[in-house]
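There is one chain below, alone, in structure tokens, taken in the form predicted alone.
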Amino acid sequence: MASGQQWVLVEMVQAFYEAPAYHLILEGILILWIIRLLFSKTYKLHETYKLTEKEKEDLIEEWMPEPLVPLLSKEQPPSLSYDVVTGPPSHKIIINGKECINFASLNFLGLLDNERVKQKALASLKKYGVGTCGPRGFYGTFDVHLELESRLATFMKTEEAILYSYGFATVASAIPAYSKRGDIIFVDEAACFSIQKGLQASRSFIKYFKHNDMEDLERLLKEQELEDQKNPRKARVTRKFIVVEGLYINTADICPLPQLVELKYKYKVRLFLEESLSFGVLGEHGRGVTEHFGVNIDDIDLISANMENAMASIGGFCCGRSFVIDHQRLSGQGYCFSASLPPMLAAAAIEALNIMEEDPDIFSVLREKCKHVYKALQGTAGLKLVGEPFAPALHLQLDKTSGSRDADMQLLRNIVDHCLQRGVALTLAHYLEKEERFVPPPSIRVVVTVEQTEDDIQNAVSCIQEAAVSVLK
């Protein structure tokens, strides 16, 4: 053993003598550098000036903290002037003590004050109590949740559905559950704020295309295809998504779904569809944009919608193939970390589904009323009507802007107040202007429901036209 070690040592010495000079110099420099790093200080101590107690007190006295939020002007902004509602916001709504015809609440099918829905919610309240006090994975899963998920999947003709307890959090949780840092999302620039928050949470690379402009979307997809060809290794691990709304809340127009599906297959991307405004509205049975266009629902990778509009409940859901939906049960933030939907609201949603299935004519009634309101509001002096004839939430924008967003908002607010005084409840469309990616123009939102009568519609249209003439003269 000793002779073997001696032989190794001899070989090392021999190699040292045979090594080139530059090799020995380089190794010597490296050894010296390592020794220097080991024994030298990693930082230099700088002389510090110690303040006296008086100097400290003077600095503290002079320091003025910045306000936590920007200071408000003496005139209170409209966003803080609440219109107080007493009673259910159904067909008739009491605002600030005055009874009005409701053209503001998104109660499209009139189920909010439906007696059957209320009785089911009341029975559930007596059985389960008020809330759940836990997420779905921590004793927050009730039998009514499972029933509602099953009913929604059956109604939408998909394999599975998943419930969220808050409508806004539904798509905002679904997007980052699938798209991560390094992935690419192509999104319509008119996408609603909940989609924008989902994009932000995903930390993906976002590419916006012009609203409903399929040529612009294809241009972006082609550019990405060329980039992928340059780096196929990266392209194989980069997921790509298109995210759109079925019926856009900010513009009241519909997405061109057949063209989107065509582009999806052509460029091999996934398609997410947000249907909060179109679910329970479009299609012969209220199944949304897929039914409206006759598109196979399996062509859509994920559909999300809230239950706070047509179904008059709270929360939202996603539906699609089982393996897609199951992924959210461990990755959907709103599902995993929020208390589950109160059972009484789940029971109310189930009863709302029963009514929708029993009376599919309700959807054709709503569409006819939408078309009637759309036609009646055409040509209102000083205002421009924005949206589709079948959209249940239309926008009235100023025909000519004053050049100032605040001034435009005030003019529209005056029209809303004028109508409110005359018994017609409308609402301004509000946005978080500093956080919105593309801020829509100021507008008044006009909501159509099945409960509104011919006289109600005529009265509201006359009132809006009168207010426009009075305010915009």
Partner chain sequence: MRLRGSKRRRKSSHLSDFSRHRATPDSTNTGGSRSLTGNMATATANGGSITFINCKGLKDIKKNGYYNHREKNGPRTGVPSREHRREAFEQPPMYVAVMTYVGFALVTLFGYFRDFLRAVRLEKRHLAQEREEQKNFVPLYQDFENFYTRNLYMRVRDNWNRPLCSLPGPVFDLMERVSDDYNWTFRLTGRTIHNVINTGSYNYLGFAENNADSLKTVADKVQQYGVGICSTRQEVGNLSLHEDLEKLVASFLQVEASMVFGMGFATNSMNIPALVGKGCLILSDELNHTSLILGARLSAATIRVFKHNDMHSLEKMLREAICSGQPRTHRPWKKILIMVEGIYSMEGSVVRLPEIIALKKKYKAYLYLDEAHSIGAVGSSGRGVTELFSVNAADVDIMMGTFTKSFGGAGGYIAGKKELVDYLRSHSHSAIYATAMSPPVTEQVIRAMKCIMGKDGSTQGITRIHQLAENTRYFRARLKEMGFIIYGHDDSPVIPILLYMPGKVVAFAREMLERKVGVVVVGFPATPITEARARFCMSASHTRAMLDEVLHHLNEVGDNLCLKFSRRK
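Just so we're clear, the structure is a prediction, and the values are computed from it rather than from any experiment. Positions refer to the first chain, counted from 1.
Another form, the form predicted in complex with the partner chain, is not on view; read the next lines as being about it.
Comment: 317 to 325 is the region of 287 to 295, 317 to 325, 360 to 368, 208 to 216 lying near the partner chain in the predicted bound form, near meaning a non-hydrogen atom within 4.5 Å. Interface membership of residue 313, defined by any non-hydrogen atom within 4.5 Å of the partner chain in the predicted bound form, is confirmed. Contact annotation: residue 182 falls outside 4.5 Å of the partner chain in the predicted bound form, judged by heavy atom distances.
Of the heavy atoms in residue 256, none are within 4.5 Å of the partner chain in the predicted bound form. In the predicted bound form, at least one heavy atom of residue 241 sits within 4.5 Å of a heavy atom of the partner chain. A heavy atom within 4.5 Å of the partner chain in the predicted bound form is found for one listed residue only; from 127, 375, 222, 157, this is 127.
In sequence order, 308, 309, 312, 313, 314, 321, 322, 323, 324, 327, 330, 333, 334, 336, 337, 338, 339 are the residues of 305 to 340 having a heavy atom within 4.5 Å of the partner chain in the predicted bound form; the partner itself is omitted from this view.
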